[in-house]
Ligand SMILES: Cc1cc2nc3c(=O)[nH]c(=O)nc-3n(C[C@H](O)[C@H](O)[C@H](O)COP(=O)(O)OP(=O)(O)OC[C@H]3O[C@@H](n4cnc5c(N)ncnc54)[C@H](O)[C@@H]3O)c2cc1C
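This document starts with one chain, in the form predicted on its own, laid out as structure tokens.
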Amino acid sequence: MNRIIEADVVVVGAGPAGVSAAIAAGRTGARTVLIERYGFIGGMSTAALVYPWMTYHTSDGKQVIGGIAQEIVERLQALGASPGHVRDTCGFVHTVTPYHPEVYKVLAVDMLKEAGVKLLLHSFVDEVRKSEDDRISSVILTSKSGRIEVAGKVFVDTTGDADIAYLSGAHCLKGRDQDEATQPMTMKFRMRNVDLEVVKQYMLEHPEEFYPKTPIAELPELPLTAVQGFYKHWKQAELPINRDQVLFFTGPESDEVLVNMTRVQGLDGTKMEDLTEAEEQGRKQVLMVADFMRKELPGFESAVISQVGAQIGIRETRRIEGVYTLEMDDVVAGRRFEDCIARSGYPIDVHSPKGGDVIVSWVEGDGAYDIPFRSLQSRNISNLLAAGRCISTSHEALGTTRLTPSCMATGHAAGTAAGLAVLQGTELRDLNVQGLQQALVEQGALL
């Protein structure tokens, strides 16, 4: 190894959380490096076609996520690549935020460059080095250029799978407490040539076949954004896929939908052999579901597959064991924390690890809950933060924190905290949380 890159803040994983974290850290003035294994950024939003972003709001429409997450939406809107926050026409949440993933890939890189971030694509971290005091000193990349060492002062794990935490020896959790079973994986895909007016008309004529919260009375005036139901069609098909309904989202093109229906269960997203099997099963299910939709669903008669995810979508693998673990009761009660660094209004949404159902628990109070800074801090590695899917939560609470806007918000907080800690020469555990909160609010975060 003959190359070392020096940084203040090292962010690993350029998904929605990592992008926000790196932008935030860079904007503090800290020397920031963002590392990504693919040749493009966006993580699950682009590689796995997780679309649309849901949700920035509570169930009654109050916006609770802002900051960099909102700035990204506004800049996409300015480019004609997002309509902004629009009503969710399946009624599960109040709003969804469609976006064009190819424009997002370019915009996010522009924002990283504006913040002075050094971006390293096609780079896979396979080793973490620590100093004698058990702090992370550097990460080692495998790349086309050979082995490269990236040294830093604070490290932010936004890999989704807590890879950096795991490799560093940080305490980690995985799946359910009793058996480590995780939520199923889903291979998402897009279809074109869908007649969405026919779909909407069928919904108006057969409301009983769709999700009970579907706003049928408002549907004639609303642009169709999401469809959940076709219960009769799905049940009659008797496909060997362990779920209970049809679910798709419209866009980004006017005749296009994103289908979220495949379900691969019983496999571990941190194991190479299981991931290989999941990719095979997921792609076979895509062909099966697309054939069903084309033959059985009104409006899909001429539909064709236009895109399949570059990888299968992962809902849950490892997560850090933090200073505080966010629990289901915290979410449902809409609990407030003194060290709140982000809020979310998305309900707990746990896809059964083994069954065909989805367990939903709604947020009480004002419809939002706090995410504390302590849930981003590793319990035993002092200069490690997590953001996105791998923050410290219970299996149940992960059913809400894993959603993209929440990941963006925790990324914004982690990056800001990392940058401030470096610039102030302080440990993360000693960082003035009120100062962090003030900085986030000044940057548009809603706390």
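What you see is a predicted model; the values in this text were computed from it and never measured. All residue numbers refer to positions in the sequence shown, first residue = 1.
Unshown form predicted together with the named molecule; subsequent notes refer to it.
- Just one of Ile35, Ala413, Leu384, Ile65 comes within 4.5 Å of the named molecule in the predicted bound form, counting any heavy atom, and that one is Ile35.
- For the options Ala69, Val50, Ala397, Ala421, the residue carrying a heavy atom within 4.5 angstroms of the named molecule in the predicted bound form is Val50.
- Within this chain, Ala22 is remote from the site of the named molecule in the predicted bound form, having no heavy atom within 4.5 Å.
- Taking the partner from elsewhere, Pro405 is found to have a heavy atom lying within 4.5 Å of the named molecule in the predicted bound form.
- Within this chain, Gly313 lines the site of the named molecule in the predicted bound form, having a heavy atom no more than 4.5 Å away.
- When contacts are judged by a 4.5 Å heavy atom cut-off, Gly345 does not count as touching the named molecule in the predicted bound form.
- Heavy atoms within 4.5 Å of the named molecule in the predicted bound form belong, among the stretches 201-209, 219-227, 82-90, 158-166, to residues of 158-166.
- Interface residues of 383-398, taken as those with a heavy atom within 4.5 Å of the named molecule in the predicted bound form (partner not displayed): Ala387, Gly388, Arg389, in sequence order.
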